[in-house]
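First comes one chain, alone, set out as structure tokens in the form predicted alone.
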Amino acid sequence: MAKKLWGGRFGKKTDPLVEEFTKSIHYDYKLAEYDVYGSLMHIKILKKADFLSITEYNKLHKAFSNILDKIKSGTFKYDNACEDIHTNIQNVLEKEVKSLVLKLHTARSRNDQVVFDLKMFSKDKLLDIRELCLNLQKTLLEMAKENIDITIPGYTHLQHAQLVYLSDYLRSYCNMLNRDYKRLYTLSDNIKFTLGAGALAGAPISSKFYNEAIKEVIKELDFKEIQFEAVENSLDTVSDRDFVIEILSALSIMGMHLSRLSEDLIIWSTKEFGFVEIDDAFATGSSLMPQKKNPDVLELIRGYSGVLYGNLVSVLTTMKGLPLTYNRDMQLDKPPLFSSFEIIEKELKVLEKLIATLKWNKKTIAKAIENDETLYATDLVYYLIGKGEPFKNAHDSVGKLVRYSLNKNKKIKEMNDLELKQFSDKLKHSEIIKLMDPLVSVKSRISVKRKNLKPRT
């Protein structure tokens, strides 16, 4: 294995099995860019505290800037033999600054370092997810506007309930995404960056130097959303993973929303429903049955919700019994976090395009409405209430009318006044036929104050 950041106390070489088992470079390489940002802050702190001379600082700053350029350009060579990304970067740095690298870890611990890296990584990813969330909302709203007058059956218990606007259905998912966006924004806003906790007990450097140095680097790098605060309790700082758990929770909720949307589209695209058609570019076929057009993208979104939940439970379970402060178990918070970010990012990207290409089958939807007069049952109840009937009586009368219609296989619209009077003498064919119109039905629910819903910005 490559050179380690520790080892003086040990009289034996680490067993190769232990080296392989404990290393994290194969996934924490994702933190490389953020690790360098933290190092640029750290060397400025060391300079202010007189642990580094101006010449030493400038040499380290130049070397770190070179490494950062390589990471951003994709030319940095990751060494899988290293224990972690911190070691990898320090080993590369040593080739440039030689023995000066030995001063770098003054007043520094990977316990403190990794929390900083993970917070900065998370802040970046939360911003990316928020932007993708807005894009999906805009796509849903655009589709809602294009189909503003289409009415569809609304469901409870997967049974026809009442008529609703298709646009309201689509906007309902915008509401969910708005809540997701707000959660992600709040989480990002709550992430406060700290340095100076050391391994667990702090460092022999004034917090004033940390404050000054970090603010200067934030300004130099033009980081607008970085909020730094002094370490108030170093034990909590190095052992806190609440922010990881909160992010995983928020991503799980978003994944649940995307899964529900996917499930609706899966059902509605079946032959039995036929309400919507998924574009060929976002469906797959069968290796045996040539006629098949499968909604695999939507099914995978639905399936990945289980992975998102598992990632959350994984970190909760890891953290639940850990004594203060840092424990190596906490190394395992990264794969679930990285996984959840990647899953949600891919889902939002593919759903945006899939939804933009959906084709709504207006004729099939209209036929489904026409063939089911029970969708107007509640409207008929309110009609009778308007004629002076108590709700319970109206409810019973319409219930009996629906049962009669189904048993006789006769539409309510086709019943004359005499037939209707079996259920209520207030039912008049000429009046109820006007009520049993999709647009009249949905427009009658005036308690819903529809507004031009816009994505959060």
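In this text, residue numbers run from 1 along the sequence as written. Please read these numbers as outputs of a predicted model, since none were measured by experiment.
Absent from the display: the form predicted in complex with a small molecule. The rest refers to it.
Heavy atoms of residue 111 reach within 4.5 Å of the small molecule in the predicted bound form, making it an interface residue. Taking the partner from elsewhere, residue 331 is found to have a heavy atom lying within 4.5 Å of the small molecule in the predicted bound form. Proximity of residue 84 to the small molecule in the predicted bound form: non-hydrogen atoms within 4.5 Å are present.
Not displayed here, the small molecule is approached by residue 24 to within 4.5 Å at the level of heavy atoms in the predicted bound form. With the partner omitted here, the stretch from 267-275, 160-168, 215-223, 84-92 that lies within 4.5 Å of the small molecule by heavy atoms in the predicted bound form is 84-92. With the partner removed from view, the residue among 121, 173, 228, 326 that has a non-hydrogen atom within 4.5 Å of the small molecule in the predicted bound form turns out to be 326.
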